[in-house]
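Below you'll find only one chain, the form predicted on its own, shown as structure tokens.
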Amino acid sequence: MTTNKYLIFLGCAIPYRVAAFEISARKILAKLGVDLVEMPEFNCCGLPLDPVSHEAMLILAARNLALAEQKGLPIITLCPGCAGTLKKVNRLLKEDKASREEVNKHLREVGLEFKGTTDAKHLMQVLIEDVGLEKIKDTVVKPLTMLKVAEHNGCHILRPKEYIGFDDPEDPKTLKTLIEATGAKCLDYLDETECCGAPSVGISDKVALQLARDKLNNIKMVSAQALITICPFCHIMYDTNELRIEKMFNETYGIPVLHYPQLLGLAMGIKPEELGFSELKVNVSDLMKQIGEV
């Protein structure tokens, strides 16, 4: 389903914890001619309830999909966890008649029915598949050729491959391609596909911070000027915790952590203050000087 109009699904965390991701995503999508339709009736994607209550997760996700079907529009999400959950449930209910009938029994109580006629995509998939690389490049008025950055995809953006359906989780190319469309060079580094550590926070804060530290060390080794993320939780793990990791392990990084839409927005000529740069925890002043935005 290729279109330039989507229902925007923000999920639970982004509006409250990672506002800059939403702000910058809306800015770049507007420049690209993507029309975002608000849907305040959306509920949680359901992911936090699985596997505690698999059935509740299915019903919550199916309700979102059924609402989108009523509007006749696909869903765009900024959170890979939301995208993955909606994709998985969409496919499962299309293929499993018994599960579909059971879920629809609950949905009918609120006047809804899942039919399997819509789609859900993460922002990154929309950019590469529906908007297209050439259109993105056409909007770049200030190529960031002076920047060398590193990327971090995160675990959920491409996994499990059978549900997500694009790129290779073991050797991902999409985010690098999108980064280089801005003119910036995307550097390779050791263990790029390793987890940021965020899923371990609830079990062991120390383990989570050690995982993030390992990645920051590898990124520092290649002299990246910034780290580019596409997941709100990965962003929180690095941007919020970088200074904490420096103190805990006696390290010095000074690596700003940007949402991809912020990087693209800069290349589009959008001012940092319009892209939520004030929300970032790691100091970006040196990076701004590098690109001529003081």
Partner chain sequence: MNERETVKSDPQFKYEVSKMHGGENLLRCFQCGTCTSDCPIAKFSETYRPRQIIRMVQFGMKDDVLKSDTLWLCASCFTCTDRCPQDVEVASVIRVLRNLAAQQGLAPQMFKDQCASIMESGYAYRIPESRLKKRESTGLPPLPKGNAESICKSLKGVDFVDHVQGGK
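Residue numbers count along the first chain shown, from 1. All values derive from a computational prediction rather than experimental measurement.
Beyond the structure shown, there is the form predicted together with the partner chain, which is absent from this document and is the topic of what follows.
Although the partner is absent from this view, E246 stays clear of the partner chain in the predicted complex, with no non-hydrogen atom inside 4.5 angstroms. Contact annotation: K88 falls within 4.5 Å of the partner chain in the predicted complex, judged by heavy atom distances. The partner chain is not shown here, but in the predicted complex it comes within 4.5 Å of a heavy atom of N43.
Remark: D35 does not count among the residues lining the partner chain in the predicted complex, judged by a heavy atom distance of 4.5 Å or less. Contact check at 4.5 Å (heavy atoms) against the partner chain in the predicted complex: none of N4, T177 and A184 pass.
Note that among 142 to 150, 120 to 128, 73 to 81, 187 to 195, the stretch whose heavy atoms approach the partner chain to within 4.5 Å in the predicted complex is 187 to 195. Using a 4.5 Å cut-off on any heavy atom, the residues of 201 to 219 that reach the partner chain in the predicted complex are, in sequence order, V201, G202, I203, S204, V207, Q210, L211, D214.
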